[in-house]
Ligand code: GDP
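As structure tokens, one chain now follows by itself in the form predicted on its own.
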Amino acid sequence: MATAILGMQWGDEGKGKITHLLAREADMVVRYNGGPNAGHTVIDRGEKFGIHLLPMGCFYRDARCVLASGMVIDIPILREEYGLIANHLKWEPEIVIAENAHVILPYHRLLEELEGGGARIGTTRRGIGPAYRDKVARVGIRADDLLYPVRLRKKLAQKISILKRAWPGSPELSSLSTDLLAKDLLASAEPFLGSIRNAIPIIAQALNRGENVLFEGAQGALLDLDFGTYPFVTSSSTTFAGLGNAIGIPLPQIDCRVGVMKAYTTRVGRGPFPTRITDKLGDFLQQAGNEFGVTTGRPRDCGWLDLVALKYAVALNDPTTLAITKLDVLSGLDEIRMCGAYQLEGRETNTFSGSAEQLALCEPIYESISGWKEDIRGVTDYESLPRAARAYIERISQELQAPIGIVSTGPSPEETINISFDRY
């Protein structure tokens, strides 16, 4: 059985916990997009981790982990992360690095700062955009280049020459040394050289054998390069449509598509956010939900649930089930609001626009529903939830026309409700 984990909002939906839970039963976990701009917070064996590159299968001895070609990989970060997890587990996870996955180099981060793109659209400034741009421009460094040092140095020399001509006034770029860069990169990559392989047949064979393969997505649908709130988006495809291209298998048969969404909405960085709460309630949600970025530590803006945006994300991904996270954060509120439509230039609309300029003009039209006072942190049985909490869940399911199979009531793996799909 194949399962895909997909974000339904602007990322930060809690995909890490859901993936970590489902990875318990996986034979293979494939991370298929993004790079260290993504961060998954997980609690494993009582210890909290922020994971940026390794698939969640790294916590389970029997799961093979694949870093697919849709990713951009920062090798020193991967090595640090791998060492941390191996020390935690007392054994080394099995990983495969796709030979055609691209590598992030120090000059990618420098370029992001020099060009000001990170500040303009609020990126994590991890060099993600420049690395994907090199991929498209056919001047990138791929994982398989690390297996051939002479070829690697030649490609690095060509790229560094281009950078120095383009930025003659940059002392950081002018001081780049091909030999030093290659030496540092190869030293960091040395433990992983035996893991660099053609990942396509490895994934395909697992699917053909009927293994439990879990595809782990990063960011969320509203950050998709093509269908998100452009230009305030990431540099890869974050929707289900991009999965096949990212792993090299056209139209893979995915039996279960889990759309992960928060019980409210958050956004980090810049870009339009119609349901943003700007008063003390927004601060309350931020603190109660620990809404601070895993990668950068930046505070996330918080807002009410945006059904217009969610319906758009559901249409893009066609999830077979939904997972709602951080329902416990809403406990104690007398009233919960949901946005079911926008006011745009004097008229009501329920259409979500991927144009940042157009979305910035939208004002939310809210409906208020009853909240609940009970603390639901750690509840594991659906019927034990307050009636108002169950009504909220069921209303979301009805609006989105998708069953809700998982409800998270806290950050720990045990703080989870599994709901029978036949309830709806």
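Note that the structure is predicted; figures quoted are calculated from it, not measured. In case it trips you up, residue 1 is the first one in the sequence shown, and so on.
Not pictured, yet referred to below: the form predicted in complex with the named molecule.
Although the partner is absent here, Arg64 is not a contact residue: none of its heavy atoms lies within 4.5 angstroms of the named molecule in the predicted complex. Proximity of Pro403 to the named molecule in the predicted complex falls outside the 4.5 Å heavy atom cutoff. Contact annotation for Gly39: at least one heavy atom lies within 4.5 Å of the named molecule in the predicted complex. Heavy atoms of Arg300 reach within 4.5 Å of the named molecule in the predicted complex, making it an interface residue. Contact with the named molecule in the predicted complex, defined as any heavy atom within 4.5 Å, is confined among 173-181, 102-110, 327-335, 313-321 to 327-335.
Along 12-48, these residues reach a heavy atom to within 4.5 Å of the named molecule in the predicted complex: Asp12, Glu13, Gly14, Lys15, Gly16, Lys17, Gly39, His40, Thr41.
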